[in-house]
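The chain that follows stands alone, in the form predicted alone, written as structure tokens.
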Amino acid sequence: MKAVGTAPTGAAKKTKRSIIDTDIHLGAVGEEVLPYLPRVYREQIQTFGWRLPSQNAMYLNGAAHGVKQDEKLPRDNGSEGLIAYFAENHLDKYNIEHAILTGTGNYAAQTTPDCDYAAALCAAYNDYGIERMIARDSRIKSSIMIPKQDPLLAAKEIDRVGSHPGMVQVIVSNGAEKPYGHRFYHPIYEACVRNGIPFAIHVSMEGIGVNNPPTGAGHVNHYIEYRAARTQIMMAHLASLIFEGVFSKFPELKVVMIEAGMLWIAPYLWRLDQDWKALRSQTPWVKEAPSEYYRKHFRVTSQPIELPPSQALFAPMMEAIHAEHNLMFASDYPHWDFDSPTLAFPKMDHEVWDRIFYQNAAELYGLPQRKQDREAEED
């Protein structure tokens, strides 16, 4: 993989070729989702509040909900004003052809022990996102929120909205009661395969509500520790999905790891491969090296990028994580650690840039060829 090429430079305000952004947050949905809930839950919320665990104590990292200080997002979430602002200040600004919302609601719904309430909230978030966000701009796609605490209810929700063309993946928080390879979650994977959509894990809710602590040593005191621990948990899910045999039972399943970084994957796969060679008798259903399961079944988003201290290290590490086929660009807009499409990456070979910024996501999510390319072919 070459570290030089014809990709857009940091000086450009807008990418010359359209791109796909795979991690967008338009704000936490609040009271505006109430009309989408059954009456019993509307009345409970109005009387007792939302009754959801919170990780706000860890978010000493920007303005409200971690939004970067220079972003003036309208407060009326889901309104035409918010979508218009988002279109002008992100989609149009960076020539984004498709933007994937990583959920339209609060991941805390996946941390409450009240599974029926969680299911109602997730359904409301999904309906709200379809009507108030996806329908207002054809570039916007979204993710299906599910009550992962109850996989049967989760599968029911996937089947309910999984056929909607604007819903391109199922999404869960990184924080969990069990590693995601556990057979407890199999009904979710069955539903993903049945609907032809990936299963995505987004960092969030580690150690919150019913979820396990954010580290094996327990809870942490500072956001920087919490942030570092997220990668540890994603590592556990990656190993669990491979060694528990999920891909032997669901060979069509694709898994997306979102907002946990990317370059750490290379040495972690090296270690998994070595341990598998020595201990493969314990997991005879794992027929190939873990790195092969990663290559075939996993996709990873770029943000936050861990840039090595030497430019000479970047290209070999990108090759080691199969970036040309497994990596997808993500900005994490509008959060404080936002990665600009024109500034986040060093220069790359044009073909590699094209794969990362468009083709890999288009293939995974079944999105069409670039409009520019389609029009060129028609001419």
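Since this is a predicted model, take the numbers as computed values, not measurements. Don't overthink the numbering: it's just position in the shown sequence, from 1.
There is also a form predicted in complex with a further copy of the same chain; it is not shown, and the following applies to it.
Heavy atoms within 4.5 Å of a further copy of the same chain in the model of the complex are found in exactly one of 96-104, 215-223, 80-88, 110-118, that being 215-223. When contacts are defined as a non-hydrogen atom within 4.5 Å, all of 271, 275 and 320 contact a further copy of the same chain in the model of the complex. By the criterion of a heavy atom within 4.5 Å, residue 298 is excluded from the residues contacting a further copy of the same chain in the model of the complex.
Interface membership of residue 344, defined by any non-hydrogen atom within 4.5 Å of a further copy of the same chain in the model of the complex, is ruled out. Heavy atoms of residue 267 reach within 4.5 Å of a further copy of the same chain in the model of the complex, making it an interface residue. Using a 4.5 angstroms threshold between heavy atoms, residue 227 counts as touching a further copy of the same chain in the model of the complex. None of 151, 162, 261, 198 but one reaches within 4.5 angstroms of a further copy of the same chain in the model of the complex through a heavy atom, and that residue is 261.
This chain appears without its partner; in the model of the complex, the one residue of 254, 132, 237, 202 with a heavy atom within 4.5 Å of a further copy of the same chain is 237. Shown without its partner, the chain has 307, 308, 309, 313, 316, 317, 320 in segment 307-329 as residues with a non-hydrogen atom within 4.5 angstroms of a further copy of the same chain in the model of the complex.
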